[in-house]
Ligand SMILES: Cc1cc2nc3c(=O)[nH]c(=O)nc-3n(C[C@H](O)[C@H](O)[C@H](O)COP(=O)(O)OP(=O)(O)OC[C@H]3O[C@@H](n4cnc5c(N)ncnc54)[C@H](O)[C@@H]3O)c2cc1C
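Shown next as structure tokens: one chain only, the form predicted alone.
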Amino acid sequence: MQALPRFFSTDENGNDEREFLSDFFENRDVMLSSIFLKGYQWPFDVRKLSGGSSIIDILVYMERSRGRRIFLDFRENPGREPVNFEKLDQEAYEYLRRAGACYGTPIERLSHMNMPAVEFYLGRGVDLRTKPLEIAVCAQHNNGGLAADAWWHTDVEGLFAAGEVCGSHGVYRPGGSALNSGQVGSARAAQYIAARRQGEPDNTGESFEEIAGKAVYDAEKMVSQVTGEKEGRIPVRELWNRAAVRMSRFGAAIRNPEKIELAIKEVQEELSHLGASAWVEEKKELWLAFRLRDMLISQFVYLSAMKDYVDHQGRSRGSALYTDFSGQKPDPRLPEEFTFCLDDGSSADLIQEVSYRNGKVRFEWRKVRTIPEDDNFFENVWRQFRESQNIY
């Protein structure tokens, strides 16, 4: 985005090209500065809608919701006109000036500043020098995840999950947190497992054979159902596409509480009748039926968590805009669904924990864990490390 590519949209067949951003921005230099900030301030953030970078996300979202495809074109400047860099926002101008990129076309600027990005897409069949790149507003990360302790041991006994899957960074994702979580989390989990998880498995409670046997029985039952007669059934790929569209509409960046409730009911209905309604033509597609079941369960949990958040007076924050007609729109030209109230931070010290059991979700709200205030003394820490590598 810092290379200032040209945005355009087409119909589903690639025709009727138009630069839709210029319909909203009356000033081209403001538009260019917002495009720059989109790459500089990623990801979508409700705090950056009024005069900020995230207005680009909203405009792309709106255009895509009209059934149009969105592309970035690095071959030509926006409006097919030269860029007057000195008229850009000061932050954008200084960045490009210091990068030595105040010239040429977007592909020339991108090649100068970040050639590996050009090569990245080239290695995946997209030559930015000759063709545009199709885009959409997507979930870049998950500000939540599995519950885990300091050694990345989850609340599922014996399951360790290292990295961003645990959502350890909270509502706003600091730059570099994914890399740090993955590297540090993997190392700490491995250290703990090597030191504390030796010996025979715990055989208290149900045995592995009993638990696995139930899962195998359920799986065999589902296989028998989805490979049955086609009459009156819906192909599994059609159900998959329907579920994907639903989550994009109701559980992505723009969330309407009333529509979330309707989506929850749809998911529950599809889950309860999945075996009877889904149809798999070939056995090689069976994996998709099981993945669809998992996706529907995930949708049910996530959508239910969103509803519970709103029921607890939760408001827009992070990468989620919750429609709230008692609030304000970031720009009067936007549709009413973008009316929202910004979170005031009153729940910043709370964690929403969700569990799923036997088709039902359960919620608990607790205080965040405090950062330990250790008064470490070198000799003590060094002795503990020699004895146990400080693995506790």
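It should be emphasised that the depicted structure is a prediction, and the values quoted were computed from it without experimental measurement. Note that residue numbering begins at 1 and tracks the sequence as displayed.
Form predicted in complex with the ligand: not shown, discussed below.
Looking at 229, 86, 294, 311, which has any heavy atom no more than 4.5 Å from the ligand in the model of the complex? Filtering the options by heavy-atom distance leaves 294.
Exactly one residue in 112, 197, 141, 129 has a non-hydrogen atom within 4.5 Å of the ligand in the model of the complex; which is it? By the 4.5 Å heavy-atom cutoff, the listed residue in contact is 141.
Heavy atoms within 4.5 Å of the ligand in the model of the complex: which of the stretches 163-171, 88-96, 148-156, 315-323 has them? Comparing against the ligand in the model of the complex, the contact stretch is 163-171.
Whether residue 205 contacts the ligand in the model of the complex should be assessed with a 4.5 Å heavy atom distance threshold; does it? The answer is no: residue 205 has no heavy atom within 4.5 Å of the ligand.
So, residue 184 and the ligand: in the model of the complex, are they within 4.5 Å at any heavy atom pair? Taking the distances in the model of the complex, the answer for residue 184 is no, it never comes within 4.5 Å of the ligand.
Looking at the partner-bound form in the model of the complex, is residue 363 within 4.5 Å of the ligand by any heavy atom? So residue 363 does not count as contacting the ligand.
Contact between residue 256 and the ligand in the model of the complex at 4.5 Å, heavy atoms? No - in the model of the complex, heavy atoms of residue 256 and the ligand never come within 4.5 Å of each other.
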